[in-house]
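Just the one chain here, laid out as structure tokens, in the form predicted on its own.
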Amino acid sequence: MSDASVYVHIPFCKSRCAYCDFTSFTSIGMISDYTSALIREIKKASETQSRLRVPTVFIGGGTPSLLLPEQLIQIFEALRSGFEIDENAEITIEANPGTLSESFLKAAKDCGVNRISMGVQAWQPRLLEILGRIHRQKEVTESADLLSKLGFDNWNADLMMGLPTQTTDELFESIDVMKTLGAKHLSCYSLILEDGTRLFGDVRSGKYRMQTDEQDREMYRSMTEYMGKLGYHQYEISNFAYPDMECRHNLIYWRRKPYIGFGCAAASQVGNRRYKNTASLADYISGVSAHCEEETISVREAEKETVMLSLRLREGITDEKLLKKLAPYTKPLTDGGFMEHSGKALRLTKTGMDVMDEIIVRLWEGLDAIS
């Protein structure tokens, strides 16, 4: 029996955030038809896969908490009838404040969901307005209280840093509030301004000004230090958790383990094969969801991906064969204080994290130089 994690994409939101360039739609009236198409895809995949053992499930989006309880139950019935979900599997659902209801969370618990990831992004109303978020502070606290009431003690809050006009003290306040509300895991991502988004237009027009690279790096360094003081240990460049509360599903991606994605624009990687579903909602619902993008990953490409993904993790690169190949190129980096040995692994130092992209490119060039 082979192992692969499962990702299910629910690409619907009440409104589109100002910074978002993900595959998501506000046509929530199509959720019912989408759920039917999703179940068809899951059932079809289960017919072609051997009895697959699933260590983690992640229902992402979009806003999966917009699903009706019965729709969520139907999706999990299809997953459990087609695949062998581990008894101790980590099963996560993403949610936005203000969309969580008691009936939805009770259905989620009945389905085996044991982790919630809530998209908070910021605590301050001014920053939520800049980001185009539709929730407010009251809905964050109400959602957290509901999670506590129903026994969801393993939940993550997504936060953002490097926002226009954001101060380090405001970021710390957001972190403090999430800790007080009971978040065991915090993800804190730097804002990436994507062409074509509403926020991109606001910045280009001069309405807002982005933080400089130096300001962003200083905020990041302060944030990582502050997280440590609060008891959150950094296990990935943007992710922090209490001991043993790391997101096991995301570790699947960062460690290049196999995963299968279901839904519009969902991606899969099994062995040396990667494929992706159509990003057209109409095509997906109508059944034209044959993998529209597919590639075979070469050994060298897999090595480069391992370097890139492993260096995001505090554990670093652990592949002994890869480390041996890279040895002539990593030694100058360790001598310079950018990398360090941790047991048999090689990881970035705090100094190295500030120039991670440059280090990755240097190691890639080293791999390319090997005949």
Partner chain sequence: MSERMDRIRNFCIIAHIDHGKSTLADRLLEKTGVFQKREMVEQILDSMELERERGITIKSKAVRMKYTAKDGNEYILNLIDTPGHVDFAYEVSRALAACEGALLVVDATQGVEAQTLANVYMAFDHDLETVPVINKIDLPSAQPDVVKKEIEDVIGIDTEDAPCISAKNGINIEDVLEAVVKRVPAPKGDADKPLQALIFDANYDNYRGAICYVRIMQGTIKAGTRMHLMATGGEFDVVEVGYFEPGYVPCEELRPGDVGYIAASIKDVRDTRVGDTITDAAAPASEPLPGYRPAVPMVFCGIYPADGARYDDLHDALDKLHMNDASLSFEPETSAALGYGFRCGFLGLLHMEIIQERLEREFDLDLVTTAPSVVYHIKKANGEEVSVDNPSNLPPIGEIIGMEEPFVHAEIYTPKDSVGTLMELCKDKRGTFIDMQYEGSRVKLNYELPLNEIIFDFFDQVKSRSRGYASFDYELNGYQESDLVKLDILLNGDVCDAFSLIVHRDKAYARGRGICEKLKDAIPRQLFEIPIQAAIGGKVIARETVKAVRKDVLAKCYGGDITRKKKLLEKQKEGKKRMRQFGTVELPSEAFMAVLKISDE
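Positions refer to the first chain, counted from 1. Predicted model, so just to flag it, every value in this text is computed and none were measured.
As for the form predicted in complex with the partner chain, it is not shown, yet the points below apply to it.
The partner chain: the contacting residue among 301, 86, 142, 129 in the predicted complex [heavy atom, 4.5 Å]
If I apply the 4.5 Å criterion carefully, the residue I get is 301.
In the predicted complex, which of the listed residues (134, 113, 285, 237) lies with a heavy atom within 4.5 Å of the partner chain?
Exactly one listed residue reaches within 4.5 Å, namely 237.
Interface membership of residue 16, the partner chain in the predicted complex, 4.5 Å heavy atom rule
It does not: once the partner chain is placed as it appears in the predicted complex, residue 16 has no heavy atom within 4.5 Å of it.
So, residue 169 and the partner chain: in the predicted complex, are they within 4.5 Å at any heavy atom pair?
Taking the distances in the predicted complex, the answer for residue 169 is no, it never comes within 4.5 Å of the partner chain.
How about residue 312 - does it come within 4.5 Å of the partner chain in the predicted complex, if we only consider non-hydrogen atoms?
It does: once the partner chain is placed as it appears in the predicted complex, residue 312 has a heavy atom within 4.5 Å of it.
Answer with yes or no whether residue 210 is in contact with the partner chain in the predicted complex, where contact means some heavy atom within 4.5 Å.
Output for residue 210 is yes: heavy atoms within 4.5 Å of the partner chain.
Heavy atoms within 4.5 Å of the partner chain in the predicted complex: which of the stretches 333 to 341, 24 to 32, 40 to 48, 319 to 327 has them?
Looking at the partner contacts, the answer comes out as 333 to 341.
Full three-residue contact with the partner chain in the predicted complex, heavy atom 4.5 Å, for 118, 222 and 232
The answer is no; none of 118, 222 and 232 reaches the partner chain.
Taking the partner chain in the predicted complex, which residues along 177 to 199 bring a heavy atom to within 4.5 Å of it?
Residues within 4.5 Å: 189, 190, 191, 192, 194.
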